[in-house]
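One chain comes next, on its own, written as structure tokens: the form predicted alone.
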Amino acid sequence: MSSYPRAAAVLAALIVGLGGCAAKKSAPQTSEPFPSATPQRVTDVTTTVFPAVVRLDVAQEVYNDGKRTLNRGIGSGVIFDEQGHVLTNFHVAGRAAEIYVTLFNKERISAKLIGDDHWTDLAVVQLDMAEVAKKKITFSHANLGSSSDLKVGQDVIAVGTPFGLARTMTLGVVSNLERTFYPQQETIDDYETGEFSNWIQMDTPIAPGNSGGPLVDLTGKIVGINTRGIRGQALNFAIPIDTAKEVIAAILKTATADRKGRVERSDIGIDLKPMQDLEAYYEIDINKGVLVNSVDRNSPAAKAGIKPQDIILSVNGQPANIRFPEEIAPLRHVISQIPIGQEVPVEALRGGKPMSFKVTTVKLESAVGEEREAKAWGMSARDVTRAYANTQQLDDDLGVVVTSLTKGYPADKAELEPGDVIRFVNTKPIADLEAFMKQFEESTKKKEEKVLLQVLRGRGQRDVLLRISY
């Protein structure tokens, strides 16, 4: 895409990249532990995967200056099944309002977003199969491999559309299989990402436009989705395909004709810190436990009595021994896979004394809620999620938060500000974005020229009167 994720401070120069891949004819066979990149093998693999490479031209829904707008960009993707499903990045196709896919044979067809998952920076798109049939188009699909079989030093190929240059391949080696950017939290347009798996690091060159395409081993199998890199530094990163396969399965299982597929995860509301260099201070054995760095307000962990500086020894019977940063993501993944609403035993130490807790998991929520436009009022607003309420130290997650304003429109003239939380519209309580939009639509239908809002700004409460001309 032409817009990239906003990475953590240490990776401010990150550039997103990806490529697409397909497999129709059988890949070369070998008895080697993993095949090396001979000229013939590279040629065979590229010939195998190119037919599933796609270019994505995407218009993503964004909100600026109180208005819904479309942000256009280019990325890559890979067809992975006979139903025309395409795997790509969230930052390429997430929140997409329009998608066009250019196939290997240069045919351009429309597609739609089936589901997205910002937590892993992945999305699934589907070709318009009616259009495919009408145009009598044929396409190939790629074979998904396993990232757990990858080895450091192994040759890998990235295929995609860097800078819009379709069907481009680059060759390199796997540099690291457990790269993490902890403790800096990464985001994509404020959406959290990269918390449930580590990254594949490779020196395989990728560039803007490669984003969403596959990293391929020398048997022709997809082992990762190329996502980001540091320009000119031979430091590039891919999402493990094992992570992607979990996301694909969840999205396809939950997608319906009128609703995007989603990945539901569990949360208990704690931030964890590795024990490296802290064992002596807490008088605990090396490779034992993980430190609770913070506890979310009103979270299951807080309600169960877990406190910062507790040392968690196990979660749901599984040891929680975290000495290094790269061990955080696997534990977060374990917690996320526990069924939502299940009571989970947590064993810990506090001041050297054993402690036991019972924590009931809740659905993981982003700090970024769904966003909509209230056009006549000249503003956009997001749902207040539990995570957002925690970060802003709100007492609850009721209402909507103002995200942007249109200069000269009623909300701007009434001196609303981004960050204000609207709790009431004309004395009617606003529980969430759906309730807010209902009140907005009713008011505009009635052509009400005055609308009274009750808002929270910081810890204060105020009334705001909108004056609207129709």
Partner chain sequence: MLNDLLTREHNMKSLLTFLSLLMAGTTLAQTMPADPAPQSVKPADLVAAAKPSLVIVQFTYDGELGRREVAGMGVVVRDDGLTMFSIDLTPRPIPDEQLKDFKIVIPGDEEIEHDAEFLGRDERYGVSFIKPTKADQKFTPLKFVQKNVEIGQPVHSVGLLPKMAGYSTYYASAIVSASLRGPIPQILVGGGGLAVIGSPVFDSAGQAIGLVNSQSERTPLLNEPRAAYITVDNPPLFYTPASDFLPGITSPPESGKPIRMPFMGINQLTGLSKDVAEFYGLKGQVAIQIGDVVPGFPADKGGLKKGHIIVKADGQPLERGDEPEEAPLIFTRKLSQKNIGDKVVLSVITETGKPPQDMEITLEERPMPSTRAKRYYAEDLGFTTRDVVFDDTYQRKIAKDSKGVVITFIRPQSASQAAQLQMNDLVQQLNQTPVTNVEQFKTDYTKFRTDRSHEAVVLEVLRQGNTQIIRIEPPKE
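This is a predicted model, so every value here is computed, not measured. Positions refer to the first chain, counted from 1.
Just so it is clear, the following notes concern the form predicted together with the partner chain, a form of the same protein that is not shown.
Contact check for Y282: a non-hydrogen atom falls within 4.5 Å of the partner chain in the predicted complex.
The partner chain in the predicted complex comes within 4.5 Å of no heavy atom belonging to P330. Residue contact check for R459: one or more of its heavy atoms lie within 4.5 Å of the partner chain in the predicted complex. By the criterion of a heavy atom within 4.5 Å, P319 is excluded from the residues contacting the partner chain in the predicted complex. Within 4.5 Å of the partner chain in the predicted complex, a heavy atom is found for every one of K273, L452 and D463. Proximity to the partner chain in the predicted complex, taken as a non-hydrogen atom within 4.5 angstroms, holds for one residue of L394, V263, L150, I338, which is L394. A heavy atom within 4.5 Å of the partner chain in the predicted complex is found for one listed residue only; from L278, V173, I230, M129, this is L278. The stretch that touches the partner chain in the predicted complex, counting heavy atoms within 4.5 Å, is 292-300, out of 198-206, 370-378, 292-300, 357-365.
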